[in-house]
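Only one chain is shown below, in C-alpha cells, and it's the form predicted alone.
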Amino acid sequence: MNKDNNLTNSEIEVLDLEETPSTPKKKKKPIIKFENVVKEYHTGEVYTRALNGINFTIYEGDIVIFLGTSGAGKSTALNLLGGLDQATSGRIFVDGDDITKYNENKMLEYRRAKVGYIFQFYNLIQTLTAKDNVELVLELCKKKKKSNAEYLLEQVGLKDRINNYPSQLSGGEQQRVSIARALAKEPRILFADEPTGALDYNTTRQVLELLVKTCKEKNITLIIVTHNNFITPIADVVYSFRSGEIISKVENNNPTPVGELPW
C-alpha cells in the first residue's frame, strides 16, 4: 500500500477532532463488549501496558475497523477477543458470555466454533492444496458438509484453482483461500489482521469487496485491524487506538462501498 495512506499520529489527532455524533444502534444486537480491559506484558522487571482499561461495544453484523499505528494496542485487543491471549484484568463478553472465565477446553471450543481468522501472510499449509487447506478446518471443527470446501472456493473466485498448492497461487489468490478457510467454520465473528497489508491496490480492492460482501450477506461481524486510514470509510464503526487506549470512535451510518473508494 502507498505509505501516504498509512496512519500517523498526527492523522489520528485529526480523526479525533473530526469525530461526529451518530444515531445509536438500537435495533442491532450487541455481540462483543469490553469492560475495563487491561493487558500487561512482563519482561523481567519491566512492565509494559499494552491496553489501559479499554471499553467498547460491537454490534452483530457490523464491519468494524481497529485503526492505529504499530504498538497502539489494536492487535492486542484482537488477540484477546480471539482467545489467543488472556487479559490481565477486566471482562470480555461475546454473546453474553464472559470469555475471560473460560478454561482451556472451553476456549478451544470457542476458537473452533465461533470465530474465524484471516492473517496478513495467509498461514496456509504449503503441502496441502487450496481445497485441502479448507477441508482441514472442516475436519478440525467437526463439520459434516465435506463438499463445502469446493463451494466456498468457488464463491471466492477460485473454482479453477482448487487443486493448486499455495506456491502455485498469487498473493491475492492465497488470501482468497484464507478467506474461504475462515468462512468454512461458519463463524459468528471474523477477525482480519492487516488482511491486505501484503497486497497491491487492485488485489486489496478485490479482497475487501469479497470480505464485506460475504459478511453482510451472512450477517457475520467483521473486525479489521489496520494502520491504513484509506479504507476506514467502508466500516460501520472505526475505533482509533493510541498508546493502549481508544482515543476516538466514529460511527458511519452510510459506509462507502469498497468499489467507490478513490483507488
Partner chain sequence: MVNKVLIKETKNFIRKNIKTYIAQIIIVTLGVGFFVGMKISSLDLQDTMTEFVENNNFYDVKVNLEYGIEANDISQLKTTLEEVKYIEGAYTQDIVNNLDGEDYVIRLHSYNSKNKINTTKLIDGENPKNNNECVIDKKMHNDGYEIGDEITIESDLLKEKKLKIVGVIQSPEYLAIDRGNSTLLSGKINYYVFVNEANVNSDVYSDLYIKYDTNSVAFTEMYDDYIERKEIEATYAVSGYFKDKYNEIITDQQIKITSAKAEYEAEKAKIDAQFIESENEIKNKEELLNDTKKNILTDKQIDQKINSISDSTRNEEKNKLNNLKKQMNNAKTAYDNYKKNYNNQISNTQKRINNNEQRIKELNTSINSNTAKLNAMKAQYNSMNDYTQGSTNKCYPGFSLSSDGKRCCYPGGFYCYNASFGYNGFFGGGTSPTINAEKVALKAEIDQLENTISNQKIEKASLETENISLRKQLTISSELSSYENKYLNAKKQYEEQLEIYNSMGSSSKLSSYYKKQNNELRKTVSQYEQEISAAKTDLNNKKNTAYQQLESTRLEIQNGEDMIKTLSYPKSYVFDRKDNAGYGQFISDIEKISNLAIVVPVVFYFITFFMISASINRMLYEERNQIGTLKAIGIRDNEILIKYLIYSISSVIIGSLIGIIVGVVILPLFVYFIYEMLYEFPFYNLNFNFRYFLIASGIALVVAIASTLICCKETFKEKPVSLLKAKQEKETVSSIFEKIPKFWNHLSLTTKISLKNIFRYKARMLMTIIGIGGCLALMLTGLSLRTSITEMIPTQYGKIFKVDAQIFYKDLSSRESLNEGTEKILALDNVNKGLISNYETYTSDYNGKTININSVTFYDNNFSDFIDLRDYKTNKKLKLDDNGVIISEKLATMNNIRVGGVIKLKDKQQKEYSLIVKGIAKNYIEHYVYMNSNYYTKAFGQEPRNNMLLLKTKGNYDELELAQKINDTNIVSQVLYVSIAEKAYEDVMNNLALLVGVFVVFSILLIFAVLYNLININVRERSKEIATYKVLGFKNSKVISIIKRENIILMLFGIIFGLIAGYILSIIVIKTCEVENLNFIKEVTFNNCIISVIATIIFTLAFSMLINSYVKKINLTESLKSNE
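Residue numbers count along the first chain shown, from 1. What you are looking at is a predicted structure, and each value in this text was computed from that prediction instead of being measured.
Below, we refer to the form predicted in complex with the partner chain, which is not included among the displayed structures.
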Non-hydrogen atom contact Y151 with the partner chain in the model of the complex at 4.5 angstroms: no
Touches the partner chain in the model of the complex: V137 (any heavy atom, 4.5 Å): yes
Non-hydrogen atom contact D160 with the partner chain in the model of the complex at 4.5 angstroms: no
T43 within 4.5 Å of the partner chain in the model of the complex, heavy atoms: yes
Three-residue site N79, D85 and K185 fully in contact with the partner chain in the model of the complex at 4.5 Å by heavy atom: yes
Sequence-ordered residues of 102-117 touching the partner chain in the model of the complex, heavy atom within 4.5 Å: E104, L108, E109, R111, R112
